[in-house]
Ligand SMILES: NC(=O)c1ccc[n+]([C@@H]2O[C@H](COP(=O)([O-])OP(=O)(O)OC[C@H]3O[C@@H](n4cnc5c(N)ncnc54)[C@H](O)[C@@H]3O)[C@@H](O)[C@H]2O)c1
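A lone chain, given as structure tokens: the form predicted alone.
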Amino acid sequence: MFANVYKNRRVLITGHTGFKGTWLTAWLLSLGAKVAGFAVDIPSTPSAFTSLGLQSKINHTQADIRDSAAILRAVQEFKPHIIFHMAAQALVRPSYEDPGYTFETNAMGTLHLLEAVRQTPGVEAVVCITSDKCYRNDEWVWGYRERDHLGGEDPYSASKACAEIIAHSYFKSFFKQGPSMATVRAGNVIGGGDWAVDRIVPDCARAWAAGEPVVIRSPQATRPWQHVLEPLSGYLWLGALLATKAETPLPLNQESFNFGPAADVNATVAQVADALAPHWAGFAAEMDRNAVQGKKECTLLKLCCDKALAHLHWHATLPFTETIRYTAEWYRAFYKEGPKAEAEQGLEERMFAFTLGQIGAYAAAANKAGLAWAKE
């Protein structure tokens, strides 16, 4: 996979303890990479990161991306070949409660990481992960393209647009002769091991494990749902191509890419809950039919991924039904039909193996679909 680029390469992930960061860490370990992580904390209890026992498998640093000295020290000590920058305050609603922390983490944190890269020789590639919400959302039916306007009314979305602008500045000002670099945008990923607040699948998992109905805040909000492995495959492939300076129709350095499902794969929050229900015995949902609760969230947002298809030969692999099945099966394996499994002896080994199994199954499906990154 990924042209064997990651084997024995040093890879740093900021935000490695989060949901996407955990899956990326596990995938890179399976590829033979030497992985280091930098994150402010383990964001939830339980967490996928602890459930997979990843702290003992990598070079783990717990520090704040807002601390420029800390991230500089981490980069210079590890001397990574490739960096995936994910560290963020990643939720819309908490950004209303603490906008300062959100901007400091998402915008200034990106600045601190890129400044550390500028001062560290030997970095080959940097992939900065922002968000689909970096676009100015005009609530239209078309997918947003990489050249559409950046913006965002809520603090989270605006902070991600700021991160994009900072990255672009470093492209043009410092990295023309330095490491290859690109920004990537995705959103609304689901999959096993997410326990963040105010997300539909974690809310369902917590309620299901406790035998309680889940309260659904915005049932009519429409999103292009994708399994977490889908955009991660794009990030990894882009990182591999950047690191090796691969010849592609479009020079990849200093570009931005969207990674999302097919244009017609959209579902409401209510439809996600309905699709999960058959996998979880006793599942019940209570929906807020007014779907407001005082804090604005966009009801329609999707990406155009034609650029990734044309220049990376990347596209999403899993249909919606498989995305839901992968997600439900991970939680079922974790809970083993009940919440007591959280304290079970041997949980880490079992869930690490289960997670790698899902990664392998996904890669096999992508290989069957003819995607270049998945070729053995």
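Quick caveat: nothing in here was measured; it's all calculated off a predicted structure. Throughout, we count residues from 1 along the sequence that is shown.
Heads up, the form predicted together with this ligand isn't pictured, but that's what we're talking about next.
Colleague: Kindly confirm or deny that D41, K160 and R199 each have some heavy atom within 4.5 angstroms of this ligand in the predicted complex.
Modeller: Yes: each residue has a heavy atom within 4.5 Å of the partner.
Colleague: Going by heavy atoms within 4.5 Å, which of 260-268, 98-106, 209-217, 115-123 lines up against this ligand in the predicted complex?
Modeller: Looking at the other structure, the answer is 98-106.
Colleague: Should L241 be classed as touching this ligand in the predicted complex when contacts are defined as heavy atoms within 4.5 Å?
Modeller: No - in the predicted complex, heavy atoms of L241 and this ligand never come within 4.5 Å of each other.
Colleague: Although this ligand is absent from this view, report whether R350 comes within 4.5 Å of it in the predicted complex, heavy atoms only.
Modeller: Judged by the heavy-atom cut-off of 4.5 Å, R350 is well away from this ligand in the predicted complex.
Colleague: Answer with yes or no whether I65 is in contact with this ligand in the predicted complex, where contact means some heavy atom within 4.5 Å.
Modeller: It does: once this ligand is placed as it appears in the predicted complex, I65 has a heavy atom within 4.5 Å of it.
Colleague: Using 4.5 Å between non-hydrogen atoms, is G191 touching this ligand in the predicted complex?
Modeller: Result no; G191 lies far from this ligand in the predicted complex.
Colleague: Counting non-hydrogen atoms within 4.5 angstroms of this ligand in the predicted complex, say which of S180, Q89, S233, T183 makes the cut.
Modeller: Exactly one listed residue reaches within 4.5 Å, namely Q89.
Colleague: Heavy atoms within 4.5 Å of this ligand in the predicted complex is the criterion; list the residues of 8-31 that meet it.
Modeller: Those in contact are G15, H16, T17, G18, F19, K20, G21.
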